[in-house]
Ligand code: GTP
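Next up is one chain by itself, shown in structure tokens, the form predicted on its own.
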């Protein structure tokens, strides 16, 4: 079984973290987000993955070289941005003749891919779309299915908060159904390819599962993914909480909450308090500092006796001693201005 994983997003909502690190390569507890995605695929029998992106290919080279075991990785560089549909069509030469998975590289899920593939084959589907139930669909749009789970239509994002099933970003595709499309210009699989296949009568089915699913596209969701992993809410992955890298240095007098991840070579000084936060590799939290609901980027420094809450510090950002910051995003290699 093969999979196409799309890693071409710009990660705009996660800036300044993504000013220096590609979104899919941001650390998620002990390894990059993309490692979690590939590990999940491997657990369900996927032995080869095609990674596709229109830019920053060089950023992925160290990751690909360091990756061990299943799945093997084939890299495809898009000559120009092709959108979700165009990128998948562009990868058809590498996937073969059988059904394959296609998914976004910034989703954390424990979706039963094996069960999804069985359902795809039993229904003789040409497309199967993973669905997730939400209580408020305003951020997603809705997928309408019949009593047999056949997809009837896609609805735009509702104005009012209503519950329903949304597209969870993991697909099984029959290569033949994509034969009519070409990878020329941007093409959306959600807005163009799927509606066209449905309109032509092609068997497109939804696969609704009670699985963990989270889009990691914002700082809040990125933090939540850490909390959920540390709480054991993602099947197949287990961590001690708080999680401290073997090469990190945490003073015995520091106080760490349960929902905390401290990266490699990071330092937390005496009397410091870290709660509901992620401290990236090489970052430092000074003596007596307080870090609350904050992402401290790689190599960033929180000064002694300072308080940062609900902040995102870019790589190499610096917070002076004895200041308080709330709700700020401090750019890469920048000193935060005291309030």
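These numbers were taken from a predicted model, which means no experiment stands behind them. Positions refer to the first chain, counted from 1.
Below: the form predicted together with ligand GTP, not depicted.
A single residue from the set 303, 282, 54, 27 has any heavy atom within 4.5 angstroms of ligand GTP in the model of the complex; that residue is 54. The contact residue chosen from 168, 87, 125, 262 relative to ligand GTP in the model of the complex is 87, the criterion being a non-hydrogen atom within 4.5 angstroms. Proximity to ligand GTP in the model of the complex, taken as heavy atoms within 4.5 Å, picks out 102-110 from the listed stretches 134-142, 205-213, 156-164, 102-110. Taking the partner from the other structure, ligand GTP in the model of the complex has no heavy atom within 4.5 Å of any heavy atom of residue 316. Contact annotation for residue 11: at least one heavy atom lies within 4.5 Å of ligand GTP in the model of the complex. In the model of the complex, ligand GTP sits within 4.5 Å of a heavy atom belonging to residue 82.
Contact annotation for residue 174: none of its heavy atoms lies within 4.5 Å of ligand GTP in the model of the complex.
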